[in-house]
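Let us start with two forms of the same protein chain, each given on its own as structure tokens and named structure 1 and structure 2.
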Structure 1
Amino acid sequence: MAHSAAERVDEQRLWRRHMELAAIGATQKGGVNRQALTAEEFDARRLLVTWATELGLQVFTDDIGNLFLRLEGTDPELAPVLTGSHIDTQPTGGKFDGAYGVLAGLEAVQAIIEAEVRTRRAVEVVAWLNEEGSRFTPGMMGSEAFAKLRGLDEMLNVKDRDGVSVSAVLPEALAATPEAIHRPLGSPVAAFVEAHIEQGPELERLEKTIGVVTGIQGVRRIRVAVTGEEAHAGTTPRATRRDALEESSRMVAALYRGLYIDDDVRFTVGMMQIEPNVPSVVAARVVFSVDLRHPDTETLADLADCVDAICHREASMCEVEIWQIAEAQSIHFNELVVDTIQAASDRLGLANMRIFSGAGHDARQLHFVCPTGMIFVPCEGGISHNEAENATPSDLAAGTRVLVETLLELSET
């Protein structure tokens, strides 16, 4: 019965929906700019609800604007099995990051309907609000509110660069889907499965179609501020300069040398702000970011301590301030869900491997609420958060077939 439902996955229909959704916020270079709580995201919500109502699904939303599309089960009193991801993107994002998880969920539900299978538990497709955090920071807002890992008021007060708060624009998001029935945050969930492109090169490199995700590596996000003194570029000798950029450069170089203790370390300096940032003035202040990740939580903590030690060691004429803005421990997914995904991949004859996620996902937050797992499919060159992001229709469909079988198995528990 499960296998017959998986066979109902329509590769071309799934691809067409990806292309139709990607047209909302499309960029000239073939990517997507559909940031959370923008007009483009409101249009995407409307499109999802249109597809859902055509299938006879019930539509729900909650206080943070998460969107749920429900296929009722034979026992409505039971907690549903949940699947999905997000529909917001980076400003120069791709067509598949997040969107695949939502559209795979919708296609899985349609396949179940067309196979005339009735599940014991309801199956719900969710689009979590603001996973990317590109307009309103930090991300994972919808899933964190759902899991009650952060307070709703805290999130509603977050403002974008123009001073617009989440609370100011959220009513417009809710109004975009008037069909949606309101329900409380954090309603019970039996299990959550998120399908996603890998956002890395391993599946493609090893010629595997399915990644059976076993967990998500931890992350520390740190800011380093180096404060010196403005001075004339032409008249101030080096010996008397308090050059914040020179010392910051030494720190960054030393961090690259000192933090790569093994192949699992992921260290990035992706942002640097310089003041006064003019050509003929010695920099008085530099703030740079540190994004540090590792699968082992203890190792990650040790590396974060090293950031502090290295930066202070490299400082001489300038003052250094270091603070952490976000922290997440490495997590390991529920073995029952992981084994169910593995078994479904094997039954369908799909080449697969177990893999640890290097990127963060909403599944991290759901891990604290219910048994959780993820299904990865390859993306071309491992490229993501990029307008060139790409995946093949056949791989997307294969991952969706695994999702169908996994959802059917979990919905009967």
Structure 2
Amino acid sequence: MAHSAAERVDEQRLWRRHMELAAIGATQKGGVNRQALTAEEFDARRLLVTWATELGLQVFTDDIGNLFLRLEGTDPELAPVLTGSHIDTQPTGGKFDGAYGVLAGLEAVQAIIEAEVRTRRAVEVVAWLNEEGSRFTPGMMGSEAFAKLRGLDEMLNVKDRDGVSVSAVLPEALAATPEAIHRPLGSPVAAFVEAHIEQGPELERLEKTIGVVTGIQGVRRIRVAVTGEEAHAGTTPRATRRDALEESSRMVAALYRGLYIDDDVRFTVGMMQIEPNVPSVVAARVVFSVDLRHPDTETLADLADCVDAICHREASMCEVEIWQIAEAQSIHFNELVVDTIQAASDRLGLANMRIFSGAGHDARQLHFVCPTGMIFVPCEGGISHNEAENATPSDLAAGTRVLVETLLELSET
């Protein structure tokens, strides 16, 4: 039988909070531009802390600006159970990616409070800093710093396009919520559960409400730099050109032709930085991104080798440099957490399926720290990282009920 707290999840309230948060950084096309460490994100932090304070939660932060909202347990000495996600978006983001995980956490805690349930371990809602990595690249800063997978100093030195560093703006983020108590980075955690929209089409297609996430597929993030020579577009004969944009286009086209060896491949060139990027000047240099994913680690390695081979094959007059900026192995979540989420979904009578995550999430980093799992809910048309991103109030509430059940189970362990 389900806990009474799950019944306290308020679909309307959860939806209203989503809309209220989405108003901060709202775009004309109905999306959200609320990049980490910008004025919009500071406002969102403020709003979150206002809600938490109304619920009587304690607020903490750490050296990288992660935000923790704590519902105390009956045994305050025990490590808490964590749930949450991130409140930053990419420049053309939607209302749910990240925000859902944080607001589902807050709703779950409120439901637990209203049901007058006391948990043994504290339950904390976390908003990890800069998951998207838009203004400050790469992302996953908060969870990676927390899991000590990257050094804090390295992150603090990351600069945006204007040369402003994370360390220069982080004090503003902290000043937005002066009531937050500082705690050391990477304090003990008993378990972590992240609720998230699927960001893919499978749940909707198979008419499931809950995705019980079994792991996250591996990814390689690669950069290719093509260096030619600037020249006048009107005068320079083809024979003496070293056109970085011509050769980059040939490489990108060839990569899209060559890399799709099976349906599980996810290959994307999403960014090109072109110098000088002027219509009348032959491009001197192009740096483009490669985002390459595959559930199978060996296939992923083979595909990364192909990127190298294809780019070198397509280069003629230009020089090519290729380097990997990040690599993540496919991971498989803790079976206890996966089974707990599965059991909660079944108990609540929700149609569910096991699913492997195509996207990376903060949960990947937490997996290296504590037993971790994720709950997916459907998003409309599988569309995400898009201003049109959408989900139904009832699916969001259903996922939150599964989260309540899961948190209550894990907080007693």
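No experiment lies behind these values; they were computed from the predicted model shown. Residue numbering: structure 1 sequence, from 1. Throughout, rigid core stands for the largest set of C-alpha atoms superposing within 1.5 Å between the two forms.
Exercise. Is the form predicted in complex with a further copy of the same chain shown as structure 1 or as structure 2?
Worked result: If we ask which form is the one predicted in complex with a further copy of the same chain, the answer is structure 2.
Exercise. Comparing the forms between the two structures, with one rigid segment turning on another, which of V123, E107, G65, G218 falls at the hinge?
Worked result: Evaluating V123, E107, G65, G218 against the hinge definition gives G218.
Exercise. How far, in degrees, does the smaller rigid part swing between the two structures?
Worked result: Spelled out, the smaller domain pivots 10 degrees relative to the larger domain.
Exercise. How many angstrom apart are the two C-alpha positions of A233 between the two structures, if you fit on the rigid core?
Worked result: That residue's C-alpha is offset by 6.3 Å.
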